[in-house]
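Here's a solo chain for you in structure tokens, the form predicted on its own.
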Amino acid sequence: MNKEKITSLKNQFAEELFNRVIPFWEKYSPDPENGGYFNCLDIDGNVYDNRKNIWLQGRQAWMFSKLYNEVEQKQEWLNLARSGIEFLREHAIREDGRVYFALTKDGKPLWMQRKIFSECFYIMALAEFSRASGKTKYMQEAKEEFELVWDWSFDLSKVGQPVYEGAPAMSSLAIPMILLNLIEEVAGEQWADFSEQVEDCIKRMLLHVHEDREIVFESVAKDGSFLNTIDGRLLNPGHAIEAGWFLQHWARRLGDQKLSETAIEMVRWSFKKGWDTEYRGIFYFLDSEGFSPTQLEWDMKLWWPHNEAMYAHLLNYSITGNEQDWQDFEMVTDYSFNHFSDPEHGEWFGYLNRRGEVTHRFKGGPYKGCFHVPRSLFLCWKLLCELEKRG
């Protein structure tokens, strides 16, 4: 790929990230009265619900800490990150280490999930802000919380999930993949102390990779075998693509060529299966055996799978130099910018129907915040800068 094309794309991603996406969250999301961020933002940034969802509080504090650490030490970014961290530490975490899913605008508990993901994004935020602020106490808190989450991940009854007699024993891809990414965020380059956990996460993730069928399953039996149920047949192409690049980061750290090749193929297989050849875009859910998925939103096109696919294909190309990896990157990038990006108000829409028409006009909601869009733009921009230097 010629240098001019790389430079043009680098500039496109930088323009979108620094002039159209980040300013949206800087302008509309801060809560100067209570701290933290409003995350339910309408098309033009107006707040339509003032509750605060902790996944998104943690992710946004992480994002502004990351920008401060790796782009520019802007005081405004550090202040925004600090606002989120202080709100989280004061209101989101209980004495037993559990983290709420949603709070009122002034920090009163609304909802607790029987999952570990609020805790994971709380940890991510603490770790990155520790680097930004230079205060090691936040990293220590992050590592102590990680120990709890690691223990809970093997027995979710410890976070309140009931165990019923008839429930099949299943493994979920979501848990080892988020923990693997979490270790990357907490440990950075000093990951030797986490080597056993890294090995375990990779082992558990690979149970979901069925190379003979070129499929990455969301749920499998404990031994990795196929479950012929609605849950066992479920494919989430965006999730599998994201898992692929999580694994690729660790393959490169570990110098594991076989793992790198597996990660590359996870992205390729999942994108090929998930791409809608009629209307374009990535399906949200599929059934591996061709049945109709029971999720009513199965054929919708959501922002985050496309975000993950942009970076995953570009990462593949940076390793392989394969023309098809580049073409897939361009194809999903063109679709994403043309369908999700809002040229009038900034930021991206999150939800489209199968034909690519916007179904929900808001820019932030209970699950969409300042994370997948800016993270993918940032990672792609950074990698395009590297490719430009390679010439």
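None of these values were measured; they are calculated from a predicted model. Counting begins at 1, following the sequence as shown.
Only in words, not in the display: the form predicted together with a further copy of the same chain, which the text now covers.
Contact with a further copy of the same chain in the predicted bound form holds for none of W152, F194 and C385, as no heavy atom of theirs lies within 4.5 Å. Among heavy atoms of L315, none comes within 4.5 Å of a further copy of the same chain in the predicted bound form. For the chain shown alone, M300 is a contact residue for a further copy of the same chain in the predicted bound form, at least one non-hydrogen atom being within 4.5 angstroms. When contacts are judged by a 4.5 Å heavy atom cut-off, N79 does not count as touching a further copy of the same chain in the predicted bound form. Mapping the unseen interface onto this chain, D231 counts among the residues with a heavy atom inside 4.5 Å of a further copy of the same chain in the predicted bound form.
Distance criterion of 4.5 Å from any heavy atom to a further copy of the same chain in the predicted bound form singles out M112 from the list M112, L156, I202, A174. Exactly one listed residue, out of V332, C40, L56, L67, brings a non-hydrogen atom to within 4.5 Å of a further copy of the same chain in the predicted bound form: C40. The chain is drawn here without a further copy of the same chain; in the predicted bound form, the stretch among 137-145, 207-215, 102-110, 263-271 whose residues come within 4.5 Å of it by any heavy atom is 102-110. Residues Y164, E165, G166, A167, P168 of 164-189 are found to place at least one heavy atom within 4.5 Å of a further copy of the same chain in the predicted bound form.
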